[in-house]
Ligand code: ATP
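Next up: just one chain, as structure tokens, the form predicted alone.
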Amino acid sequence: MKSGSSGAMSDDYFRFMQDKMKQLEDTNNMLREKLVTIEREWHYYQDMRVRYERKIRDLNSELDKLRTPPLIIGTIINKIDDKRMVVQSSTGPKFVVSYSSQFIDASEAVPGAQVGLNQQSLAVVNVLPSAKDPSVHGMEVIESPNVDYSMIGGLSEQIEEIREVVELPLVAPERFERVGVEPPKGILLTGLPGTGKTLLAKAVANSTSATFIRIVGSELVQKYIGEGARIVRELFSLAKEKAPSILFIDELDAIAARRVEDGTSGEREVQRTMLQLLAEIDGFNPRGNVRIIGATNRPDILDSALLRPGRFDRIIDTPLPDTEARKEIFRIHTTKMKLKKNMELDNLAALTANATGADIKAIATEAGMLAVKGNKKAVGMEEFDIAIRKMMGDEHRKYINMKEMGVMFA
């Protein structure tokens, strides 16, 4: 009995110990999993701490920049030596200040450049970028116009003239040097609205790969004294930076009308702007990489000072297209259109007497719109008849010719 009971007790103890070992192993595995989770979270929070510390450093750096006292703007007048220069403060007085090549690029510190000055010592801290009026950069600047001479019809003589005056000095300046002749500084395009003045300027810019800068004369008329003249200076400065470039001034009569003594301050400001324009044109090299083109449909009211030799001394007139020219313009604007087989461009040219190039383009567009509206596969004479009556009829023309000819309106 004793031996049997002792064996049973040893078996129970053995099973107890096995259960206990299993519980300890399960507890150990659970603690290991918790340790792995805690280590993973610790690494995550360490990364977050490093990220937040970096963010705090960035914010502190921004706060330090915001707390930095502002700099005084000055303009370099002259450099004395490698350590000193004469600077005119924005408040007016001139100072001899020091600078260090360790903080600024000495090649950028040239007379006329704007610099930032320390408020206490007036030492040059940095060189500022050149300031330009936003309205100047807001003007239409086309790096390479997508207009070529094949898009202009009926102006072969005008194309030849503008090419020899504008294109040749840019692409073959050695011809002028060999002969010893100076090309005209600027040319003036005259003609009725829609006769192709802007197209001519864009085409010659495209043929020379020049930057095309277009401005309307009325944009140079400003409210405050000296603002218009300043914009003219910065406009010509932009043309020099973008060289080779073509500066096209449309509606030139807005600022270059014949001077009259009406005594108003507005008229005097327009005259100041025109005088600045004349001065800028006089300061250009005729064989330089900037060509000046003006355009107007009122050459009869331009000031004589603008038309004297040495300024706009080549005048190119763009007349109304004749029958052959209108046929060519129709061919240009209908090249991509699907026309019916019985379409004759001669008939269209005969039906559009006194039409400008812009009128013909509008007629072709209107005829195409009528074909689209009627869900037709091609444009026929019927659509062109309706378009011609609509664009050339009295109802449309009365809005164009309502002003008396020879009278200038504001």
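Start at 1 and count along the sequence shown; that's the residue number. Note that the structure is predicted; figures quoted are calculated from it, not measured.
This next part talks about the form predicted together with adenosine-5'-triphosphate, which is not shown.
### Task
Choose one stretch from 174-182, 120-128, 81-89, 325-333: the one whose residues place a heavy atom within 4.5 angstroms of adenosine-5'-triphosphate in the predicted complex.
Stretch with heavy atoms near the partner: 325-333.
### Output flag, E160, A205 and V290 jointly within 4.5 Å of adenosine-5'-triphosphate in the predicted complex, heavy atom basis
Result no, not one residue of the spot touches adenosine-5'-triphosphate.
### Task
Taking 4.5 Å between heavy atoms as the contact cutoff, choose which of L370, M343, L351, A358 touches adenosine-5'-triphosphate in the predicted complex.
Exactly one listed residue reaches within 4.5 Å, namely A358.
### Listed residue (V221, L71, I152, A257) with a non-hydrogen atom within 4.5 angstroms of adenosine-5'-triphosphate in the predicted complex
Spelling it out, the residue with a heavy atom inside the cut-off is I152.
### Query
Is there a non-hydrogen atom of L199 within 4.5 angstroms of a non-hydrogen atom of adenosine-5'-triphosphate in the predicted complex?
Flag for L199 set to yes.
### Task
May I ask you to check whether G310 falls inside a 4.5 Å heavy atom distance of adenosine-5'-triphosphate in the predicted complex?
Close contact is absent here: in the predicted complex, G310 is far from adenosine-5'-triphosphate, nothing within 4.5 Å, heavy atoms only.
### Message
Residue-level contact is defined here as any heavy atom of the residue lying within 4.5 Å of adenosine-5'-triphosphate in the predicted complex; does D303 satisfy this criterion?
### Response
D303 lies outside the contact set for adenosine-5'-triphosphate.
### Task
Determine whether any heavy atom of A106 comes within 4.5 Å of a heavy atom of adenosine-5'-triphosphate in the predicted complex, and answer yes or no.
Judged by the heavy-atom cut-off of 4.5 Å, A106 is well away from adenosine-5'-triphosphate in the predicted complex.
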